[in-house]
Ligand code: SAH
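Next comes just one chain, in structure tokens: the form predicted alone.
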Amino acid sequence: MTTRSGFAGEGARATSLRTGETPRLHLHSGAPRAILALDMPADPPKTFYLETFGCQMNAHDSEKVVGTLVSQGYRQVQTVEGAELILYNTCSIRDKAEQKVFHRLADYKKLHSQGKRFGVLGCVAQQEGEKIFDRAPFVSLVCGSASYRNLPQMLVQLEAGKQRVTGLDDRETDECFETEFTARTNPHRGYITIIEGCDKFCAYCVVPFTRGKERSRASDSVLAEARQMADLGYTEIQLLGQNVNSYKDPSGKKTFAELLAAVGEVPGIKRVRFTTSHPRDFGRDIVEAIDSHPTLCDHVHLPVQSGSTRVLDAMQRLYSRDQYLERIAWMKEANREISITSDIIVGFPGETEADFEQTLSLLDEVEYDGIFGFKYSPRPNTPSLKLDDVVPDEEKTRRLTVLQEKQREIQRRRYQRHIGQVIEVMVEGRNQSRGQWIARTSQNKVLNFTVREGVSPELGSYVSVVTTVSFPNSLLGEMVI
């Protein structure tokens, strides 16, 4: 259960996002990067369709891929039928996400005879490499996320008639995806990737093999982009990384907590979020920054994965249950109430019923406002493939059901505490059929609300709402006039 949208990190659920809406295209140039409005040439463009699977890192990568393609004279369309080039930005965090991409390719195989070209981008591309050509011979482009900076040259090769083009970096690359162009699809909330890759090597996780080693952007570059986004009217910024709090400023100027605070002090920015954090690198200074800067959202996503120290050790998570709970205690002692969410895997090889019961007891102790629950899924190249004592799938399913039902009751109880509170929300949309506006709190909870007749709040605006009804995953209220 969760109140959150897809996020970047080791347990990120694989959600499908079709990026067919008209983006807001910005030009980045120089160092620090400048963002400028960009008018593209009127020559007849080549067309492309891009579908994104996975986390917020993937979604933001797609924004940069779209910007790169548009800068090369391409135009984004909303259907595969209207596109000359069909691209899939892929996720391999779970087997289902990976298979979904190949099923999508199979569905559209018939379009290849119409002269369309296909490309596989992202984590599955890096993981499978040129084997994708064997599995889907009509694919022309395979490009891992660490090679996106080479897309312009790769497009030139495609346009010259080359049948198979690849871009695959090894995990030792020091390069970040620093493109000149970003096509942002949301005019109010924007992402900034501050660190790419992962050095943690959890036993179940494929990310270190598909995203490469950890490499951070200089704090000056991050702050320059944040200021430029504020100048363009963005009011919410989300800092991204596979392990965002593992950030190490190459210039040595700022810690992660100091960078958070600095972004929160940028004039015009009302909310700063960050995801996903790793417990090993989560320091008390992060909580202190949230406490002292109201612009830093009072929400932390801190994946635990298991409540059993024995299982955590087998997962190579590099912390114990008690060490994790120490970090939870820091947040619960904060002056502000911090909403805490998490990821949990059930059915890891060797997880006993006693181990699972420890995870359930952790839910009671922490009282999360939301979790992403997953059944363990074996992934290529990961150490967990060598572990014995595999938990049967039917038992994984049972445990996941028990976990989700328990968390649902916790959320039902916790969300009730908001009834009667007046909460500031950002307006994100409107549900015409229900006569409600869709909004989100600083704690990343959905709070839909009604308004008086004749009142029409602007998208992206911040309004006060008094909460009247609670549900396990959302809140309902009335706008305060």
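Keep in mind that this is a model prediction, so the values were computed, not measured. Counting begins at 1, following the sequence as shown.
Omitted from view is the form predicted together with S-adenosyl-L-homocysteine (SAH), to which the following refers.
The listed set Gly307, Gly144, Gly119, Pro303 contains one residue whose heavy atoms approach S-adenosyl-L-homocysteine (SAH) in the predicted bound form to within 4.5 Å, identified as Pro303. With the partner omitted from this view, the residue of Thr276, Thr359, Thr341, Gln411 that lies near S-adenosyl-L-homocysteine (SAH) in the predicted bound form is Thr276 [heavy atom within 4.5 Å].
Stretch-level contact check against S-adenosyl-L-homocysteine (SAH) in the predicted bound form with heavy atoms at 4.5 Å: of 239-247, 105-113, 265-273, 284-292, the positive one is 239-247. Among heavy atoms of Val101, none comes within 4.5 Å of S-adenosyl-L-homocysteine (SAH) in the predicted bound form.
Residue contact check for Ala226: none of its heavy atoms lie within 4.5 Å of S-adenosyl-L-homocysteine (SAH) in the predicted bound form. When contacts are judged by a 4.5 Å heavy atom cut-off, Ile93 counts as touching S-adenosyl-L-homocysteine (SAH) in the predicted bound form. In the predicted bound form, Ala83 stays away from S-adenosyl-L-homocysteine (SAH), with no heavy atom inside 4.5 Å.
Contacts of stretch 189-213 with S-adenosyl-L-homocysteine (SAH) in the predicted bound form, defined by any heavy atom lying within 4.5 Å, are made by Tyr204, Cys205, listed in sequence order.
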